[in-house]
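Just one chain is shown here, as structure tokens, and it is the form predicted on its own.
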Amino acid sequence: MERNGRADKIKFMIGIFDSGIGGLTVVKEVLKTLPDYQILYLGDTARLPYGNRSQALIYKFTVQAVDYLFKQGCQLVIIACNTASSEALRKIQQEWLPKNYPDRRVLGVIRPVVEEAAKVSRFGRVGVIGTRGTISSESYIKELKNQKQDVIVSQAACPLLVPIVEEGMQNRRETKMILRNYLRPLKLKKVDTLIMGCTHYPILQKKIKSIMGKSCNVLDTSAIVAESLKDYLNRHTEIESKLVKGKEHRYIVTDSTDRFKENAQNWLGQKIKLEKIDLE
């Protein structure tokens, strides 16, 4: 079985890409929602976090990852990284994909979550937390305004949360203090719905819910993305029919550490084998 960028005998899996461990929150929900389909996960762990990178570099990294997944036989790729979805997805869909893989599809994580937020928000006050890159792109604001023009969107950049999750420090006392500091402005603005605009954040969901209180609906963003994928496949049978059924999921990273593997296995609740590759 080849591993050097050419498609091997496992073809037409669902590809899921993230800068690190965060995308495994999406993998976990997809495995629950669509248990019959094979998943190929790619975490660009050597170059995370993406949140503080330039738009040009994020686009370059994302193209490299998507191209690799397609060459491994993926028919459909979910960019399970909010930063990459906000900074690179549209250009990939509109320019890169038609020239290189016109028969493949790339989906992001922002739109399905925004659609749900616009639907469930009681008073039209929506909060968004994310990396600096996601927040500065204002992608969530633009998408929410497209859904509901009078919505009031409050944002907060939370640059420390990705390193905290990657280091497995989510249960440290300091983490709750940091979360309180990040979430305080959103609580003061009385947001009724909160979007966790980074796939790392669902690992902190219980703490975030506790801090925001019962008056705020903290969306289960990974579950929303998984349900959206299920709906997409139901509507696009020409894509679904090409997907392989089975349990031979693959987990690929650009840098492997014992800590990453331990954290990944704890989150997924199962043993996994990591393959290491170089996207450059």
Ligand code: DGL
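Numbering starts at 1 and runs along the sequence shown. Small disclaimer: the values here were computed from a predicted structure and weren't measured.
Omitted from view is the form predicted in complex with D-glutamic acid, to which the following refers.
Taking non-hydrogen atoms only, Gly43 never approaches D-glutamic acid to within 4.5 angstroms in the predicted complex. Not displayed here, D-glutamic acid is approached by Leu48 to within 4.5 Å at the level of heavy atoms in the predicted complex.
Taking the partner from the other structure, D-glutamic acid in the predicted complex has no heavy atom within 4.5 Å of any heavy atom of Ser139. Mapping the unseen interface onto this chain, Val162 counts among the residues with a heavy atom inside 4.5 Å of D-glutamic acid in the predicted complex.
Residue heavy atoms within 4.5 Å of D-glutamic acid in the predicted complex occur in exactly one stretch of 68 to 76, 196 to 204, 120 to 128, 93 to 101, and that stretch is 196 to 204.
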